[in-house]
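Quick setup: one chain, the form predicted alone, written in structure tokens, and binding and motion questions come after.
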Amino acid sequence: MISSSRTQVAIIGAGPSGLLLGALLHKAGIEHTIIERQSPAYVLGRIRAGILEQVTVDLLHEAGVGHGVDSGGTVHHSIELVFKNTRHPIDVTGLTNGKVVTAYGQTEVTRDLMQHRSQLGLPTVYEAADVQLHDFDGKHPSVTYTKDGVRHSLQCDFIAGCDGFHGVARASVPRDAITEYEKVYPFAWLGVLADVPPVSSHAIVYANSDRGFALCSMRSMTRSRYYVQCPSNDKLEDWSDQRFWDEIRRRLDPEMAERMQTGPSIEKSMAPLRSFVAEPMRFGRLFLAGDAAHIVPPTGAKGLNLAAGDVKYLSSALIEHYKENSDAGIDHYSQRALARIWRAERFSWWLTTLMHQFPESGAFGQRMQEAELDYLVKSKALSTSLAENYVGLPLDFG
């Protein structure tokens, strides 16, 4: 026995991209249902990015959920580059005519969107098992899933695949209809979340050293998020808190290392680095968005922001379809999204290549990185390019 229902848009995945798409569609009066295979607690437990471009902040406001980032976010006007034991500030705001980024964790963004959706009573199915997508290459797509032992069929006009890199949406596309581009980097990031004041309260710190890369970020004025580059085969149990704090200090300039406050980790994770793009992002009435279509190394803080850009393009296209009876936005969704994605992929690849130690590069590679960093901090043109990409290129760029 199958329980049947209908909606206009079926959204697969209740992460930030799916929830944001749902909020924007609701505001436009478009019916939709979100289907998520995990529990709400699991979704909230994923510790991810924490730097929001202005485009993303503006989208949260457009969706009616900007209060959290306004009250809890910390605006950053600069970044700091560390190399050869010296720290160099980059005036991001000054180089981009006033643009900024905001430190506000993905967990908080997700929580804000979940609470907003719950308050509105919008349909969301969590812990949906055996999710399958059907007939998206025709006029009558549907999604089937099992919940509490009952099989459900959701008929819809469109399916939005916002279910991440390992989700069912991209996996449902015939292999000969999609092209995947991937680069796997030969190292990982060990990340630590700790309730200690950030070593820099006004900037993200990127450090290049002959010991490897380090990054100092924050979630609030009392909670910090730090990372060190490590071999991809390292295990979490190899890294005690003390070893982590000792290592990250060795990769910073002496003054910053001295004033870094340490404490017990409240979360520790190991993340491999990869660049990945799937083309196209539309297959009939199925659209991919966010990590379902692309992954960037976290060096450039683009993952969540790229997903937000996809959601803006896709929500606008669907609104145009239903409100203006035009499919122009739908027809151009993949092309528009991919143009922005490849620019962000380039920036993230460049910054990753510039800041990390690559095993095969040796001492010559390290000196070349230092030479380019030295040129970067002395060149207004190259510093401006870094700043423009860091704050995020506009949705209508080029």
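Note that residue numbering begins at 1 and tracks the sequence as displayed. What you are looking at is a predicted structure, and each value in this text was computed from that prediction instead of being measured.
Just so it is clear, the following notes concern the form predicted together with a small molecule, a form of the same protein that is not shown.
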Legend entry - All of Tyr227, Asp291 and Leu304 with a heavy atom within 4.5 Å of the small molecule in the model of the complex: yes
Inset, instruction - Please run the contact check for Arg37 against the small molecule in the model of the complex: heavy atoms, 4.5 angstroms, yes or no? - result: yes
Legend entry - Residue contact check: Ile12 to the small molecule in the model of the complex, 4.5 Å heavy atom: yes
Legend entry - Heavy atom of Arg46 within 4.5 Å of the small molecule in the model of the complex: yes
Legend entry - Pro198 within 4.5 Å of the small molecule in the model of the complex, heavy atoms: no
Inset, instruction - Check each of Gly164, Gly72, Pro141, Gly212 and return the one that places a heavy atom within 4.5 angstroms of the small molecule in the model of the complex. - result: Gly164
Inset, instruction - Please determine, with the chain shown alone, which of 241-249, 294-302, 258-266, 178-186 has non-hydrogen atoms within 4.5 Å of the small molecule in the model of the complex. - result: 294-302
